[in-house]
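Read the single chain below, which is given as structure tokens and is the form predicted alone.
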Amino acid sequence: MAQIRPGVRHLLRHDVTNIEAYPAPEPLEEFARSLGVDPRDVLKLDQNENPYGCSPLVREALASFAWYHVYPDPLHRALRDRLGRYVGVDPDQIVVGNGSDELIELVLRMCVEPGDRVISAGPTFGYYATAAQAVGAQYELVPRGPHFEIDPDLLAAKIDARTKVLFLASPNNPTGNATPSAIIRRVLDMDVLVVVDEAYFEFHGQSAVELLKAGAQNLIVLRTFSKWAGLAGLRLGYGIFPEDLLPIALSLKPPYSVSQAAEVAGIASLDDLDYLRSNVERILTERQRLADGLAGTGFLVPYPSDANFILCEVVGRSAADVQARLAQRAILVRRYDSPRLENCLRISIGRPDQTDRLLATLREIA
């Protein structure tokens, strides 16, 4: 809970001091400084970044762009046009955001009043809870099944007149599994706005966009350039909306939240799809090798993944201890202590040499 001085506390919304901040990992530079090592020597496998970085065309485009002193186009017309071709939808259905996090917040501001309910299927991406609490919503997680699958009947039972938004991450973070289209179709029959978060779409290929193109009016699909395109540091995401919601979304969104640099990088990424898709294929190949290696440690049980990370249950020892021992050797992985994930680690897919270093260290720990 945030600590606020009494002199200004009465000016705040009564509920904001109870919001739980999203538990973002320690910055790379701070972690490296704490160990006394160069940041380049840290093996960072805790935030699902792309180990191959961005396209070379992005670096060239950013270096040659001459208009950083000018405000960006608030409608991002050039980028939306390119995204329309990439996704296969009318560009007028696309909203560009400062990462998909901004679009999560935008959807909630569009739909939710204090006291309304927002639900998701958990365990899942933690920022849904933070963003929902920020608009005064009641947030509830409906438990996933034994294989982290979604039970649409359980979701339907939780929806009432105050339930406005349902977030479904597919592939899901941190469990890695995608939700079949048939389940999403069933969910769309419910009286709620369904937001399918496809941050890891490019690593799986299945999309709910086809349902949107088929006429679904209560569906929004979110995506990001952070993972597959290696632009996590530039913050660029986009959403595909039903046409009726576009004017409202654009009226609520800050006009200049997406920078010139992010838009330039996004367009350059879409100019180099073959390169980026080849990196995705390399990550998918390495994902299988890493899964086999993790299973061979004797104390990690990897779950199947459709994304660029693997969730592992730690058996016979403490996940906190394993994480700490890796950190001592300048290797960062993500640990969870939420329900169903009490002794789990999530490990991002790295390059082959990074996989070798991680597995060698895990064997040493074992």
Ligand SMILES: Cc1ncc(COP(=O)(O)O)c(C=O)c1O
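Just so we're clear, the structure is a prediction, and the values are computed from it rather than from any experiment. A residue's number is simply how far along the shown sequence it sits, counting from 1.
One more form of this protein exists, namely the form predicted in complex with the ligand; it is left out here, but the text below deals with it.
Comment: the ligand is not present in this chain, but in the predicted complex one of 226, 177, 279, 133 has a heavy atom within 4.5 Å of it, namely 226.
Contact annotation: of the candidates 122, 230, 293, 99, the single residue with a non-hydrogen atom within 4.5 angstroms of the ligand in the predicted complex is 99. Residues 104, 128 and 200 are all found to lie within 4.5 Å of the ligand in the predicted complex, as judged by heavy atom distances. For the chain shown alone, residue 165 is not a contact residue for the ligand in the predicted complex, no non-hydrogen atom being within 4.5 angstroms. Taking the partner from elsewhere, residue 235 is found to have a heavy atom lying within 4.5 Å of the ligand in the predicted complex.
Contact check for residue 173: a non-hydrogen atom falls within 4.5 Å of the ligand in the predicted complex. At least one heavy atom of residue 169 is located within 4.5 Å of the ligand in the predicted complex.
Of the candidate stretches 72 to 80, 240 to 248, 192 to 200, 258 to 266, only 192 to 200 has residues whose heavy atoms lie within 4.5 Å of the ligand in the predicted complex.
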